[in-house]
Every structure is written in structure tokens, then in C-alpha cells.
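First, one chain by itself in C-alpha cells, the form predicted alone.
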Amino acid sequence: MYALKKKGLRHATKREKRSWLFGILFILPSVAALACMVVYPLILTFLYSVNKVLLPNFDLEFVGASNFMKALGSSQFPTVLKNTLIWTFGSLFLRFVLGFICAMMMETGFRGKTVFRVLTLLPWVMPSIVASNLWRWIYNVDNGILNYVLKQINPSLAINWLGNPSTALVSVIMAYVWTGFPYIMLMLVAGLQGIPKEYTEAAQIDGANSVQVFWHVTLPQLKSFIMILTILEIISGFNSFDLIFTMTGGGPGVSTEILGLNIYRTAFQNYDFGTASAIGVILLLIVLVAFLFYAPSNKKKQA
């Protein structure tokens, strides 16, 4: 395929043209599936965002930017956007901290390393619905293990973690961090194993301590891993739905509602598909900002 691209289809031999044709035929099913599952819904979302969707036949009535104004002008939107930013970047920071600690521990030889590896991977392989219900039981105000332990220390410490607006968002973030940090850990372990030992040994010979080696040798070598993981985690955070929906449903009030959940509520509970699509477009634009930061840095790195 590379040779064909280099000299052009016009000057290719019959065998090369046949090979090119077979290649196109093999990727057509994937292209068709991608168009059905990604491109068509995306086009439909943009179309709905500038129209009023009339049920039950989904007839369209053009309204221009009214859906966007309605979404942005909602009294709940600032709270939902703030929750989304706290959810995304708070969980991103905590996942990286926990992932780094566990990755560094995985790279050191200690007894029980295999057991530690299994335990740290367990949250990641657990289905999200199972993990959500597990954490609902942990936070249960009457029978949860967290309140049981706190009551042994001081009964006043036991509170309604998911029912209190001041603690609900932090509680679901901790559950989200627990379910996702093993992925960060695995990626960082792969990065750590790719760092030549000569680098760290040379730094130690020059008198660098563990913190200096980590800051000046390890982190720069993991820069590409950290950048890619950051982009993926930001996208994952903005698109989150299942864990919050299962644990709190966005409540109490809208104290744990994020944009992904707000889109669902607007579309399938309020039956306002136009405004829901407008929120979806806003969410897409916010996520694209991450790529605007990533693309230039990646281009410089490859240059």
C-alpha cells in the first residue's frame, strides 16, 4: 500500500491495483459501522440542536440558536458545569496521584507484589454497575461499612454521604477514582519499564536523591504517556454517566449532576431533544478544547 501511494494508482500494476481494491473492500464494513454509530448520530445531534423536535413523529421546526440560549440560560446550567469541571479535573488529579504511587510500588521489588497487583487491578475489571452498587452500600447511612467504622470512633462522624449536598459530589468522585486508577497505573508501569536504567543510575551517581530522580528523570520520560492519559481521562470524565446515575441520579437536587447526566435528563425525562442536543454540542466543543492543547504539543514533539 505504501509503494502504491508513493508512485500513484495510475502507474500501478494490475496486482497492486487488485491488492488496493481488496484493502478497500476489507475496511468498508468498518467504515459503514463507524458512519452508522458515530457520523450519523453526530450529524443528527447538530441538526436537532438548531431545531425544535416535535414528538411523536420527530418533525423539525427550525429555531436557530434558541436551544443553545435555553441551555445556557438555565438556572441549573452553571451548577451542572461547575460539577462537571470538579468531577473531571478532581478525579483526574486523584487518579494520577494514586496511579503514580501504585505504579512506582509495582516497579519496586517487595513481598506480596503479585497479590498487590491483583488487588489494584480488581476495581478496573469490575463492571461499573457492580462498582456503583458496592459504593452505595459502603456509603449507606444505616448499614454502610464506612459509617459503621466512623460510629466506632465517634457517632457524630457518621453522616448521609450521598444524601448531603455538601458531601455527595466528593463521595461519587472517590468511587470514580477507585474504579479508574488501575488504568492509569498500568499505562504508567508500561512507561516506567521503557525508561533505560542507565538514566536513573547516572543521576544517582551524580548525587541525585529519589525525589530529584523522579522529578528530573522519570517525569520527563513519561511526558508523552501523561499527555495522552490526560486527554483520555478528560474525555472520559466529561462523558461519564453510569456511575453517577446509579449512585445518586444527579441528586440530591443537582449537586452531583454533570453534563452527561443533564443531557439524559433533558432528553428522556423532559422530552426536550432540541435542548439536549444543544447541550451535547456544547459538551463536544468543550472536549475539543483538550485536543487543541494536545495537537500542537504533539506536533512539536514529532518535528
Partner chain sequence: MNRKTKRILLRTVTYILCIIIAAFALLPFLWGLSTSLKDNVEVYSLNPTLIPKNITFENYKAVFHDTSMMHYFRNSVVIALVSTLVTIFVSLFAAYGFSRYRFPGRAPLLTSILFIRVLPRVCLLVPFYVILANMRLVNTIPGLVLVYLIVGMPLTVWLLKGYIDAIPIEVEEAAFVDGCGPLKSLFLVVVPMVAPALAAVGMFAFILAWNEFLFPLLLASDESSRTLSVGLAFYIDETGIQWGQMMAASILMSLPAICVFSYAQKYIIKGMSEGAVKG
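Residue numbers count along the first chain shown, from 1. Bear in mind the structure is a predicted one, so any value in this text is a computation, not a measurement.
We do not show the form predicted in complex with its partner chain, though everything after this point is about it.
> Is G260 near its partner chain? Define near as a heavy atom within 4.5 Å, in the predicted bound form.
Looking in the predicted bound form, residue contacts with its partner chain include G260, since a heavy atom lies within 4.5 Å.
> Check whether F96 has any heavy atom within 4.5 Å of a heavy atom of its partner chain in the predicted bound form, and answer yes or no.
The answer is no: F96 has no heavy atom within 4.5 Å of its partner chain.
> Is W161 one of the residues lying within 4.5 Å of its partner chain in the predicted bound form, judged by heavy atom distances?
No, W161 is distant from the partner.
> Answer with yes or no whether V217 is in contact with its partner chain in the predicted bound form, where contact means some heavy atom within 4.5 Å.
It does not: once its partner chain is placed as it appears in the predicted bound form, V217 has no heavy atom within 4.5 Å of it.
> If you check V213, L222, L92, I138 against its partner chain in the predicted bound form, which one has a heavy atom within 4.5 Å?
Partner contact (heavy atom, 4.5 Å) among the options: I138.
> Given that its partner chain is left out here, which of L54, L44, M69, V63 has a heavy atom within 4.5 Å of it in the predicted bound form?
Going through each option in turn, the one that passes is L44.
> For this chain shown on its own, do F77, V170 and G253 all sit within 4.5 Å of its partner chain in the predicted bound form, going by heavy atoms?
No, none of the three is in contact.
> For the stretch 183 to 204, return the residues whose heavy atoms include at least one within 4.5 Å of its partner chain in the predicted bound form, in the order they occur.
The stretch 183 to 204, when checked against its partner chain in the predicted bound form, contributes Y183, L186, M187, A190 at the 4.5 Å heavy-atom cut-off.
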